[in-house]
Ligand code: GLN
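Only one chain comes next, encoded as C-alpha cells, the form predicted on its own.
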C-alpha cells in the first residue's frame, strides 16, 4: 500500500495510526533484514500515534502525513534517540535535539519508528560497512541492499514503513532504492536543510526520501523542504517552475551500464515518447571525471568534518593509558573508526596536504565546475536527462566488502547529479522474475516539484502497462 493510500485510509478511519504504529514496531523489533540500529521506545511512539488518532477523529489532522509511521537514517538527529552514524565511535551518543527535517515531520504528525542502519558515516555502497551488522536486501536476501542508506531502503521495501529519510552524498538514497525496487529522491542541494544531519561532505550532503512511489517522496519532501535559519545553504524553491517537454539519454552513463540496466532506460525513453515528450541529443563529456572528482572532494571534506570525533570533543574515548593528548586521539580513532572511514580520511588528508592540494583537490574542483557547466548547458536543450540508476544488479552479500574499487564503481551513475547539485530520482522499471532495475531522472536545479510530478506520471504508466 502506498503512502497516499495509507493516508487516505487513515482519514476514512479504515484503520488507525495506533494499529499502523503497532504493526511497524512489531516488525522493527523482529527485524528480519537488519534494517535498524535503534527502534523507537514503544510507549512513546504509540502515545504519538494515539494523539494522531484523536486529531483525525476530531477532524483536526495536522497534515497529509499525520499518523504515518516513518524511519530515519542513523546520521540524522532525533531528540532523545541514539545516533551512531553506524560507527563504534558514536555508539553511546544520544541526540540532544531534532534535525530540521525531523522536527518538520514531527510537527506534521509523523510517528518515528526507529533509526536505520547505514555504512559508517555514509562511506560505503552496500550497508556492509556498518560497525554493528549488515543489512540484507528484502527482494533477495543473499544480495546487498545498497548504501549507505541501505537500512532506510530496506525498511520501505520490506513494508515496515511507507517512507524513510535517508541522506545522499553521492547516490546513497538513489542507489539503494534501485537495488531494493523502491523510489529514492535526492533534492536540489539546499532545498532541504542540513541542520541536524551529521556532515560527511558538506558541499554534497542532502537529506533525501525513500518511498514506494514518487508521490510518497513528494509528500515527505513538501514537509521537509524550505529555508532554515540554521543552514545558510538552504533556500525556498521558486513557484511555478516548468520543465520543457523534451528529454535526453545520457550516452556517457548509458554505455557504462549492463545490458539489463540499458533495457530499463529504453523502456523509460519509450514511455516518455508515448507521453509526447520529444527526444533530443545532449553531451556531458565531463562525466568521465565524475567518480574521481567525487571521491577526492568528498574525502577531503570528510577528513575535515570527522576531525571532531577525537574522543575529547565527541565520541568514544579509549580506555588505554595515554602519555599525551595526541596519543589519546590516535588510540580513540583507531578503536572507534572502521577501515573504509580511515581509508577516506587518509585519502582526503593527503589530497589537502601541502604540495598535493593543487595536483589533486584543486583539479577535482575544476572537474566539478566542468560537470556543473555541462549539465547547465544540457538543460538549455532538454527538460530532463535519464540514465541508469546503477551499473548492474546488486552484488552478492560479502563479495565486494574488501574491494574499494568495486564499491566506488557502483556510484558511477549517481555522483554526477550530486556534484552538479541538481535533483534526481530513481524509479523502478522492473523486469518480471528478476531483480529490479532503477531508472534515474535528472532535472535542472530547483525544479524538484515538477520532476516529482513527472516521475509519478511515469511510474503510474509503467504500473498500468504491467
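Residue numbers count along the first chain shown, from 1. The structure presented is a predicted model; accordingly, all values stated were derived computationally and were not measured.
Missing here is the form predicted in complex with glutamine (GLN); even so, the following discussion is about that form.
Residue contact check for residue 117: none of its heavy atoms lie within 4.5 Å of glutamine (GLN) in the predicted bound form. In the predicted bound form, residue 294 approaches glutamine (GLN) with a heavy atom inside 4.5 Å. In the predicted bound form, at least one heavy atom of residue 169 sits within 4.5 Å of a heavy atom of glutamine (GLN). Although the partner is absent here, residue 200 sits close enough that one of its heavy atoms falls within 4.5 Å of glutamine (GLN) in the predicted bound form. For the options 348, 214, 394, 122, the residue carrying a heavy atom within 4.5 angstroms of glutamine (GLN) in the predicted bound form is 122.
The putative spot formed by 148, 344 and 411 is fully lined by glutamine (GLN) in the predicted bound form; each residue has a non-hydrogen atom within 4.5 angstroms of it.
Only one segment in the set 215 to 223, 304 to 312, 382 to 390, 124 to 132 has residues whose heavy atoms sit within 4.5 Å of glutamine (GLN) in the predicted bound form; it is 124 to 132.
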